[in-house]
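Consider the single chain below, provided in C-alpha cells and representing the form predicted alone.
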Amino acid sequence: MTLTVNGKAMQVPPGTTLQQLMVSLSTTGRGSAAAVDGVVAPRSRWESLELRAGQQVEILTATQGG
C-alpha cells in the first residue's frame, strides 16, 4: 500500500504499524515524533496504530545544535 511520508510516496506492506514504519526508517530514538493525517500519535500508540493506504505521515526528529 502507498503512504505519504514527509511528502514522499512510500510503499509498505498492508497491516504496517506506525512502530514498524519508524523502525524501518531508523527513527525510533529519543526525540522522534510522528503525526498521522495531521494528528500527533503518542509513542505509546505506535505499536497498535495500523496505517491505512493513502494516509499522510509526518516524522520529526529533534536535533541538537545551533
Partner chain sequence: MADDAFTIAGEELGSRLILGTGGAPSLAVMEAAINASGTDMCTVSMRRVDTATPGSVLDVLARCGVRVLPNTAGCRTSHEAVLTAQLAREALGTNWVKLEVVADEHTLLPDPFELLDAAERLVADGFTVLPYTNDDPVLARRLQQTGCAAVMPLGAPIGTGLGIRNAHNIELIVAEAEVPVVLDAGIGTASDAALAMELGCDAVLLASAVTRAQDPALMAAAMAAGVTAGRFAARAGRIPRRHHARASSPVHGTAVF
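Numbering follows the first chain given and starts at 1. Owing to the predicted nature of the structure, the values given are computational and were not obtained by experimental measurement.
Omitted here: the form predicted together with its partner chain. The next part is about that form.
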Using 4.5 Å between non-hydrogen atoms, is P13 touching its partner chain in the predicted bound form?
no
Contact flag, V23 vs its partner chain in the predicted bound form, heavy atom cut 4.5 Å
no
Within a 4.5 Å heavy atom cut-off, is E58 in contact with its partner chain in the predicted bound form?
yes
Taking its partner chain as it sits in the predicted bound form, is R43 near enough to touch it, meaning that at least one heavy atom pair lies within 4.5 angstroms?
yes
Quick one: name the residues from 1-24 with any non-hydrogen atom within 4.5 angstroms of its partner chain in the predicted bound form.
N6, G7
